[in-house]
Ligand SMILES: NC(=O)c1ccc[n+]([C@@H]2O[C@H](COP(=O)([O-])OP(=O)(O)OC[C@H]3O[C@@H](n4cnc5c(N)ncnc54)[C@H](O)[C@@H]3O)[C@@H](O)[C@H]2O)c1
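Presented as structure tokens, the chain that follows is alone, the form predicted on its own.
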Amino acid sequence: MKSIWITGGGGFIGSNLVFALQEEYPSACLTVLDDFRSGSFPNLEGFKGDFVAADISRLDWEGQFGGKRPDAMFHLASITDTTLLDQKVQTHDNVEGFRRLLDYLRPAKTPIVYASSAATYGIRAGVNRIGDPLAPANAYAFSKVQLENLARKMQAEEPSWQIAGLRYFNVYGPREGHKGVPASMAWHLAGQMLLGKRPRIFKHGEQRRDFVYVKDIVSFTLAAMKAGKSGVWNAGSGQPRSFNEMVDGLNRVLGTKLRPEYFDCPYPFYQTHTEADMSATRRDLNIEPKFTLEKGLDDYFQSGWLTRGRAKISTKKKK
């Protein structure tokens, strides 16, 4: 791949993907497209490629690139704030950005991997399997279902075109701090604990999530491109872990001994369990998750991004 484009490359997952691509394909020309609504420029410190500041749902693709198309496209651009109340903005920008991108790439049938979400499954607790009915519970999840619908329609019209989607589960890791409220539980709880505060979680901390480390997500994304197949796959750890276990892991890496502060969940229909069925991912993409929660938190802490820019209590990491 001599030319690779990444939409949303200034975001959390996107920037981690960018640096993995920069390392694996050092001679390739990388182009990031981002308007920083869901990203941040410090995430791209050390990036050596080109940057196009653009809202891809309104970009004049032909005018910007003059008919040039990449050898590979990774589409991660999205409004990621699930609490955004303006449904029109959420759906328009996420869906139309993908539609316009597909229309521009269609003449060359550029292989594309795009980010979907486990949110498409809805709030039903349990194991999420490819083929399960989708039940989006918010505008963000609805927009991701529409991306999958667009991809399926386009692939039916162009059977030789590789269009692959990944349903990302509960991702955590370096370069997520700029996200604010949508950042991971690991990020938010660590912030409380670094101030010496007890981490606040819903009673009684036995809710389970498929926490997946961002390096595994990047590996899944690259594997989806290399597989040369079209379809949608789960991208998770396949190992749901409790909120209490997350607190235990953070205490270990931060060198703290802070007990959780439990409080009542204010949401009547709160999702108590997410779990990615990874069997199709293993079979079709030939890849396995490598990071347990413990290994992921170790790597996150050692990267410096878990504590970056934060006030710290006087503590030393235990050996």
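Owing to the predicted nature of the structure, the values given are computational and were not obtained by experimental measurement. From 1 onward, residues are counted along the sequence shown.
As for the form predicted together with the ligand, it is not shown, yet the points below apply to it.
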With a 4.5 Å heavy atom cut-off to the ligand in the predicted complex, the contacting stretch among 262-270, 35-43, 276-284, 64-72 is 35-43
Taking heavy atoms and a 4.5 Å cut-off, does Phe169 contact the ligand in the predicted complex? yes
(message) With the partner left out here, check for me: in the predicted complex, does some heavy atom of Lys179 sit within 4.5 Å of the ligand?
(response) yes
With a cut-off of 4.5 Å between heavy atoms, is Phe12 one of the residues that contacts the ligand in the predicted complex? yes
Check your understanding: Would Ile79 count as touching the ligand in the predicted complex under a 4.5 Å heavy atom rule?
Key -> yes
Contact with the ligand in the predicted complex, heavy atom within 4.5 Å, among Ala115, Ala224, Ala190, Leu101 goes to Ala115
Contact with the ligand in the predicted complex, heavy atom within 4.5 Å, among Val253, Leu30, Ile56, Leu293 goes to Ile56
